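Before any questions on how it binds or moves, here is one chain, the form predicted on its own, in C-alpha cells.
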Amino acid sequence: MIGNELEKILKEEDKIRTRMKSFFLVLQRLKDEMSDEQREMVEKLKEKRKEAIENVEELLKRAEENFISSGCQVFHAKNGKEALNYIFSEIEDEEMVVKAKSNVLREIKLDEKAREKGIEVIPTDVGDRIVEILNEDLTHPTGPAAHLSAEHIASRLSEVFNTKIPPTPEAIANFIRDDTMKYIMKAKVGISGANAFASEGIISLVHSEGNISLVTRIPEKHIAVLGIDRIVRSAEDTVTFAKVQSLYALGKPITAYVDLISGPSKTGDIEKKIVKGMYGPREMHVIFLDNGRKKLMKRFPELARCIGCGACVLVCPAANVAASLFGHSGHRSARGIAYSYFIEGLESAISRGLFLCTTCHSCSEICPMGIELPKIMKEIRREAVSNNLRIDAHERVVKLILEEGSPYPKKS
C-alpha cells in the first residue's frame, strides 16, 4: 500500500522541490538566528519539560482546579471519541464552527467526524484553509501548505472560486483572509488546541496571523482541546515554550502573538460582581485529552517532552520526499509514527511509515528537547518484527538472501 502511494508521490516533483525549498529557508533562518542566550533558554526548557512530565498527575490536578476557579468547564477525555462526543454536545445545533490550527484537532479527526454530522468546520489559519479547500495533505505541523507554490495555489483557488487570483503570496493571503473572516464573524463556537498550558490554569496559543485571537474571542463559546503532554508548571514556562517553539518552527525568536487565556471573558466593574461574556466568549470549555499519552509517558517519557516545533520534519529525508505518508495526521515525521503507535496501535504505526524511517539521526541532532527518535523507531520496529508484522519489501529481501545469497535479484 505504501509502495503504491510512494510511487505516486515521487512523481510530484514540483511539490517536493517547493517543500524542500521552504524547509531550507527555515533551517537557514534558524542557523542565522541562534544565539548563546537562546541555547541556554532551550536547555532550561528541556529541564522544565522533563520535570513537568515526571509530575504530570499533580500538575493536571492543579490545572483542573485553577481552570474551574476561573470559570471554565473541564472534561477529561480518555480518547478521541470521548473528546468528540463532548465537543459535539457543546456545538449543539450549530451547522458551522471555526477552528484554530491544531494538530490535536487533526489527531482526533474533528473535521471528518463533524462533516458526518452535517457540521462544517472552517480552518482559519491561511495554510490550513488552503490545504482544506484544495483537498491537499499537510506537509508540516506549522506550515501545512509549504509544499505548494504560489502559482499552484492561485491556479487551483481561481478554479474553485471562479475568480482570477494573482499568483503572489500577498494576493492569495488577502483572498483567504477576506473569505475566512465571513465565517469567523458568524460563528457561535470557536475551537482551538493549545501550544502549551500551565498548572496555574492558563493556556498558551502561539500564532502570527491573528486568527487565533479572533477564534477564541468573537464566538460566544470557546472549546480548547489540550493534549495532556503539553503541560508545564507556570505561565512563565509557557512563554519560554512559545519562544523555543517559534525559533525551531519558523527560525524566528517569537511569533507576532502569544495569547494567554485562563477563562471566559468577564467583568467585575459593577459592584464588584462578576458578569461573564463581555467582549469575548461567555463560556470556555477545557478538554484534557489522553488518547494514549499516559502510556507514551511511561514507555518513552522523553518523547512526551516534544514541543511540536516540527524541526525534525525539516531535516528528515523521508518527510522531505513523502511527507503525507510519514506520520500521524498533524503529527509528522518519526514522532508522528510513535504517536500513532500509542493512539491506534502497532499496525497503524507500520501503515504510517514506521519502516520508511532511515534512522539517520538528523531529527535527534536538531531536536531542541534532545529526543532520540531513531532509538524509539528501532524499538517499535523490533516489536513489529517479533509480531511477524514485517513489510512486503523486507520479506522479498529476506527471500532473496535465503535463496540467492544476495538481497539483489540476479540479472536475467
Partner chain sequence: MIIYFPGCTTNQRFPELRKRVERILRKMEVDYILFDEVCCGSILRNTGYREEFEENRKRFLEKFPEGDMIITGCPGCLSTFREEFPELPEVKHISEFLSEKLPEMKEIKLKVAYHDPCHLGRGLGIYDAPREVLRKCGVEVVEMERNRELSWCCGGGGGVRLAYPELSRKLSEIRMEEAKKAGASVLVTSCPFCLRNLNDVNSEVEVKDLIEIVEEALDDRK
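Quick caveat, the model's predicted, so the values are computed rather than measured. Throughout, rigid core stands for the largest set of C-alpha atoms superposing within 1.5 Å between the two forms. Numbering follows the first chain given and starts at 1.
Missing here is the form predicted in complex with the partner chain; even so, the following discussion is about that form.
Proximity to the partner chain in the model of the complex, defined as a heavy atom within 4.5 Å, singles out one entry of 346, 34, 360, 68, which is 360. Residue in contact with the partner chain in the model of the complex (any heavy atom within 4.5 Å), chosen from 74, 239, 218, 321: 321. Only one segment in the set 47-55, 60-68, 362-370, 34-42 has residues whose heavy atoms sit within 4.5 Å of the partner chain in the model of the complex; it is 362-370. In the model of the complex, no heavy atom of residue 171 sits within 4.5 Å of the partner chain. Although the partner is absent here, residue 315 lies within 4.5 Å of the partner chain in the model of the complex, judged by heavy atoms. Contact annotation for residue 356: at least one heavy atom lies within 4.5 Å of the partner chain in the model of the complex. Contacts to the partner chain in the model of the complex (heavy atom within 4.5 Å) from stretch 373-387: 378, 381, 382, 385.
Superposed on the core, the two forms differ at residue 392: its CA moves 2 Å or more between this form and the one not shown. Residue 403 is among the residues whose C-alpha shifts by 2 Å or more between this form and the one not shown once the rigid core is aligned.
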